[in-house]
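First, one chain by itself in structure tokens, the form predicted alone.
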């Protein structure tokens, strides 16, 4: 496969995953603001997750549900908005239409055309949850069609590399920012509770919102029957080996797809830098423990994982995708 074609596949996966993650995040925050629990979830944290506070302030004087939805959904000048991400995904799919199943192209084209009929007024006039559900369902449809129709070849592997690397990155960002949001006791200079400075009703409600933002709440309750607690959330979202949105699972899927691309068997040594970087991170996640992560500093650990995801992406681009 040509580097240009692999690059298009890689970014289709990343953009669709990014659009879905943004829709999930906005949906949870919108409902949190409606519930009005002081200090539980803040729109500011959405800016922090996307690392775009400075850019947002250049365009909007106030941060509220209207400006946040406009910026993160409909602003075509924001490369991280849902409209931009799905537009880029569609453009990449159009450039390699002969390589992807026609249903994949039709799916991306359909949601792109549907989005053109929406704006922030229409989204807020109805139920924003219904709009965000439409975005999430479109992403689910994309993944389902890809699973059902696309050949098990490099095209599909590169789609998966982009999808799961982006998913790991988004889960780490969400958990790291929420970890700081949900520390009112620490911010107030009060004694820490449970080693994380959390424990009030708003904190518990906030952790539930974190789980719901990645559709993990129901599976968490089935896995951790003792209830909601920070160490359990960290264990589930970072280290769970079989939950599809966990960092460990996502990094594992990224490594497996990269090895299929290079033809390296799972039991053989890594043959290139991307395989070495992602394999090393996967091994560390396999043997990590939530309590040890917390004792060592959750924020520092998540920052390290996020940095390594960025390094993996850069190494993939340098090794496989650069063609100019």
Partner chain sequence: MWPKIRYCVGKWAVNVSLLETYEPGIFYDELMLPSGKPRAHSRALAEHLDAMSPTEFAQRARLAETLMMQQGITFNVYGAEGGVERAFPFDLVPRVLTAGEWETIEKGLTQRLTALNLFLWDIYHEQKILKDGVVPRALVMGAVHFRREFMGADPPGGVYVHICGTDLIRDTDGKFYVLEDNLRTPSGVSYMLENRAILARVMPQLFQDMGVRPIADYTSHLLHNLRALAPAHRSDDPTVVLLTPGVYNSAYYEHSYLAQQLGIPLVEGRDLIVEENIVSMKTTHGLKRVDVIYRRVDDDFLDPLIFRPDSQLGVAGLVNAYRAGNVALANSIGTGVADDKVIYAYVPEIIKYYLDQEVILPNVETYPAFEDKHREYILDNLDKLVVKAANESGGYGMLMGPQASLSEREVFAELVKANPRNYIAQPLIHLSRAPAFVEPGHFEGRHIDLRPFALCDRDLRVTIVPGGLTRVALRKGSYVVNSSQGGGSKDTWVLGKESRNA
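Residue numbers count along the first chain shown, from 1. Since the structure is predicted, the reported quantities are computational estimates derived from the model, not experimental observations.
In what follows, reference is made to the form predicted in complex with the partner chain, a form of this protein that is not presented.
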Does the partner chain, in the predicted bound form, lie within 4.5 angstroms of each residue among 5, 97 and 109, using heavy atoms as the measure?
yes
Exactly one residue in 45, 33, 67, 262 has a non-hydrogen atom within 4.5 Å of the partner chain in the predicted bound form; which is it?
262
Interface check vs the partner chain in the predicted bound form: of 248, 90, 167, 160, the one with a heavy atom inside 4.5 Å is 90
Using the partner position in the predicted bound form, report whether residue 105 sits within 4.5 Å of the partner chain, counting heavy atoms only.
yes
Hey, in the predicted bound form, is residue 242 touching the partner chain, heavy atoms inside 4.5 Å?
no
If we define contact as a non-hydrogen atom of the residue within 4.5 angstroms of the partner, is residue 124 a contact of the partner chain in the predicted bound form?
no
Would residue 151 count as touching the partner chain in the predicted bound form under a 4.5 Å heavy atom rule?
no
Using a 4.5 Å heavy atom cut-off, which stretch among 208 to 216, 229 to 237, 152 to 160, 132 to 140 contacts the partner chain in the predicted bound form?
152 to 160
